[in-house]
Each structure stands twice: as C-alpha cells, then as structure tokens.
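A single chain comes next, written as structure tokens; it is the form predicted alone.
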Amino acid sequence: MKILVTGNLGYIGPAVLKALRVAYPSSELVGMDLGFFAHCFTGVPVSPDLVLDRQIYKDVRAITDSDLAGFDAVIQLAAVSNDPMGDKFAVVTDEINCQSSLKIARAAKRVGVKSYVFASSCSVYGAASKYPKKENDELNPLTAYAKSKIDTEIGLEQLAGDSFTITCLRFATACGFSARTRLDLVLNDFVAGAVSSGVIDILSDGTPWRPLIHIDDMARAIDWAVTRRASNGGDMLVVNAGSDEWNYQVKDLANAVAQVIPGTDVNLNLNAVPDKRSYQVDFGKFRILAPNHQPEVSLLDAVRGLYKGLNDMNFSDKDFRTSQLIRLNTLNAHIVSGRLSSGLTWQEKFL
C-alpha cells in the first residue's frame, strides 16, 4: 500500500506516521509539507520523519494529479490549525484548509486513489446545547478555522463514490506530548503553566465544555479510516472521533493537572466574558463503526506524558506563550524575518 500524508511536519504528524508504520510495515509512506514547523522539535534524539520512505516539501495549494498518481490513500492533515492563526490568516485558512483539501480530493479521485481521510474538527459545533452533539445536529462555526472544516465537508460530499471512499474525522481538541509539541492547546497549556510556574491561569470561569483526544488516539482513528470499507459507514462518512469519557469542563482539566503535578495552583477568572466555544460531543457512532480503534489514553496518562516530556527537555519558560512553542509565534517570526509572505508562502530567496 502507498500512503500520502499531507501536513506531516506538524504536531500530529509524528504520531500518525508512527502508527501507520506499525500498522503497515511494508507500505510506502510519503509525507508532503511546506515545512513551516519542521524545525520545531521537542525532546527527541532523532527526527520522527525517518519512518518515511520519502518527504516532499511542497505547498498543498500547488498539488497536481501527478503528485498523487499511484497512491492508495491520502491523509489530509495540512491546515492552518487553530483559531488565533485562522483569525489572522482568514483568507489563507480557506485556501489551505478548504480549497486545497477539495482540490486534492478531486485530483485523488481522478488518478484512482481509493481512500481519502480528512482531519475535520468538533469545533464545527461551536456552542453548547442541552445534549452532546451528534453528527447530524445543527452546526454553529464561530471561527474561520471551524468554517473552513464545514465548507470542506460539504464539498467532499459531491466527490464520494465510484470506488472513492471519504472519511471526515471530526476530532476533539488535540492534546499530548509530541516530537513537535505545541503549547497553544488547552491541556498542553495547563501542564506548561504548572511545570514552569506552578500556576494554571484559566482565562474563563472554568465552566466551558471541551472534548479532548490524545494525539496517539487521533492516529489510531486515522489508521482505521485509511482502510475503512464503504460497507462500514458509506462512501462518504462524517464521524465524531473521540470518546464520551473525554468530555470535560475546562476546570476539570486544570484540576487533573494539579492532581498529577503537586503544588499547582489553579486560578479561575470568575469575571470573564462567557466563552461561547463550549460544547459536548457524542462519540457513539465512532464507537460502533470502529470498535477496535477506540481511544486508549486516559486524561491522567496524557497529563503524565506531557509532564514527563516537558521535564525531560528541562522546560522552565514562564513566558512560554510568547515562545516558538506557540504556532502563531512561529509563523509571525518567519514573516518578520522575511522568510515567509503574509500569504504563507516561502519567499523565493529562501527556497
């Protein structure tokens, strides 16, 4: 089997590559990425990308049919990957997250790729309701990032079929230590605060709900989706990827960190404006369709992994929110240096 993973040089990529190499040891595994965060290693002695047979450095906006010829499966991870980046680069977010994803899917179908896996997001639900959100519930995107995921799902509906199987995995919020760890994610941020200063500062009153998933469990879901048959969910499948047990209020996440890391103080902002990004998610459909690929990492294990990983790299930066471990800061540094354009393309002299 020949598998292409776009956006592999980011936070989730190392976990996905490792899982795919274990699941398909004789496969040809190829990565494609523009390399914005390729240098952002955290606590690893060797590159996680060594499991690849080949790495292609290319903008997903410029992929052609010939780039995809011969592949059995395409996994689309490439994205402007959170709300702050989406807000600053709204036009580019649509170009990369949505338009390029649809362009790649159309090209993949033309050249005979059988399976297309799209990393979508539970952020499409946007705001809380009385019940956990199911796949057919009303969507309420509150950010450019969330909107880009919905628009892609809508576009992909027209392409599935004729031996082309599409799986849209609506992932819960990612967490966990990676070979390219980022700290602009809620649980990762909390552990970083506890390790560096002994304090977790919650920007809200702690009541908003967040579904979370460990990156290893995201990789497990992608492994399932790569070889999913149309008889198991249909030619076009949109499914929430995570577990019901991982629906937590933000204050519960902070308290879990404090449980693992002694002496941690948790500060709530009781006067904060209510956070509209609050929702619970129902993962029952995923549980039925993928019984052998269910999440296995517990919340406390995720915290322990982050704690160990940050300690192993002697992490102590109290000002980590201004560091290169925040993805928006990395992009801004590239732009300020002249390496990257405001449209997120490498300047010619750096190619």
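Position 1 is the first residue in the sequence shown; the rest follow in order. Given the structure is predicted, the values throughout are model-derived calculations rather than measurements.
Only in words, not in the display: the form predicted in complex with a small molecule, which the text now covers.
- Of the candidate stretches 262 to 270, 171 to 179, 107 to 115, 134 to 142, only 171 to 179 contains residues with a heavy atom within 4.5 Å of the small molecule in the predicted bound form.
- Checked against the small molecule in the predicted bound form, the candidates K58, K285, R321, R304 yield a single residue with a heavy atom inside 4.5 Å, and that residue is K58.
- For the residues V74, A119, A221, A192, the 4.5 Å heavy atom test against the small molecule in the predicted bound form is passed only by A119.
- Taking the partner from elsewhere, F37 is found to have a heavy atom lying within 4.5 Å of the small molecule in the predicted bound form.
- Proximity of N240 to the small molecule in the predicted bound form falls outside the 4.5 Å heavy atom cutoff.
- For the chain shown alone, A146 is not a contact residue for the small molecule in the predicted bound form, no non-hydrogen atom being within 4.5 angstroms.
- Contact check for L185: a heavy atom falls within 4.5 Å of the small molecule in the predicted bound form.
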